[in-house]
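Given as structure tokens, the chain that follows is alone and in the form predicted on its own.
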């Protein structure tokens, strides 16, 4: 799943374009143009796999596929679950098993080492392959091939991005893979580094007294947030148990569902806090509706006896919670809201191209 799930189709675009004509592809060879991924000052250079280098043509194709429902039989697209106004996340997806899954934002993923809530997909480029299932896109590949071939732009775009002269001449698995590669080339360009927090770090503005006090709580042992949500990504990308539960089943078993090791029971990947104001509800199952609920959980609701709980959660003198005052909690939330970056959700290079 493009975390990555795809629900409720909302876009009906381009799939119903000319269905009687096939768009010719140029006979001459074509070399894609390398896309220079922007790396914010002070950030590490992300590792891009050799099997899916980022190109201008690949990003162009991926952006269209991200917003188009041409790959599904039920009107769904990637954007059905990854809403730009919610930092490319969605509140809650209910799986076929009836379990709730909160879909995390698709920002700064070029710097992530693994994907999904408990790291079950090690390669970002393969994440969208999970959408080609009855639960999500419910694809009929013969119909999808016919749609693409009849489209006024896609035949040329697949050719220029991947050298595919005829999508009908490759296997269904190869078409899914190349489509997934294109989508991820686009997703890697979704970079957020222009929040108030970033501007303060660049000495372009200053925190209010409340935000400054909240930052002290965040970056010291008083709140202990920084261990799992460090700068600049605001996540350490570590899979850990933060004390949500003491009894586990289904999705709540977390990383155990990947490894089968009892020591991984209840462990989940720490999400980025960038745009946290826009991505409610919170935790992997969306159990908390507000930031106030999240802060109160860490302040007084952690299950200290949870198996495999991260030692950070059980440091000496934390047995009775963080003991934050109402003002401390309010100021911490004010600081968390400085992570909001509206430029990433309004960037014209990221928006629906149709």
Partner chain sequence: MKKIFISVISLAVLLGGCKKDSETEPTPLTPNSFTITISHSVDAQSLYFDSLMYTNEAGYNYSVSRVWYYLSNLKLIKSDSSEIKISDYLFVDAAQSSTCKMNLSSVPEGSYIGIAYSIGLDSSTNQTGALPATVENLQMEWPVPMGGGYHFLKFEGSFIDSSLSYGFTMHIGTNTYLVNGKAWRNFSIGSGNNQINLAMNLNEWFRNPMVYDFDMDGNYSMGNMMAMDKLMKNGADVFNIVP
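Everything numeric here is computed off the predicted structure, so don't read it as measured data. Positions refer to the first chain, counted from 1.
Unshown form predicted in complex with the partner chain; subsequent notes refer to it.
Participant: Here the chain is shown alone; which of 202, 86, 227, 123 has a heavy atom within 4.5 Å of the partner chain in the predicted bound form?
Facilitator: When the partner chain is considered in the predicted bound form, the option within 4.5 Å is 227.
Participant: Which one, 37, 48, 56, 312, lies within 4.5 Å of the partner chain in the predicted bound form by heavy atoms?
Facilitator: By the 4.5 Å criterion, the partner-contacting residue is 312.
Participant: Which one, 130-138, 174-182, 234-242, 159-167, holds residues whose non-hydrogen atoms are within 4.5 Å of the partner chain in the predicted bound form?
Facilitator: Among the listed stretches, the partner-contacting one is 234-242.
Participant: How about residue 207 - does it come within 4.5 Å of the partner chain in the predicted bound form, if we only consider non-hydrogen atoms?
Facilitator: Residue-level check for residue 207: no, no contact with the partner chain.
Participant: Is there a heavy atom of residue 325 no more than 4.5 Å from a heavy atom of the partner chain in the predicted bound form?
Facilitator: Close contact is absent here: in the predicted bound form, residue 325 is far from the partner chain, nothing within 4.5 Å, heavy atoms only.
Participant: Answer yes if any heavy atom of residue 263 is within 4.5 Å of a heavy atom of the partner chain in the predicted bound form; otherwise answer no.
Facilitator: The answer is yes: residue 263 has a heavy atom within 4.5 Å of the partner chain.
Participant: Indicate whether residue 267 is a 4.5 Å heavy atom neighbour of the partner chain in the predicted bound form.
Facilitator: Close contact exists here: in the predicted bound form, residue 267 approaches the partner chain to within 4.5 Å, heavy atoms only.
Participant: Which residues, if any, of 201-223 lie within 4.5 Å of the partner chain in the predicted bound form when only heavy atoms count?
Facilitator: Read in sequence order, the residues that approach the partner chain (within 4.5 Å, in the predicted bound form) are 219, 220, 221.
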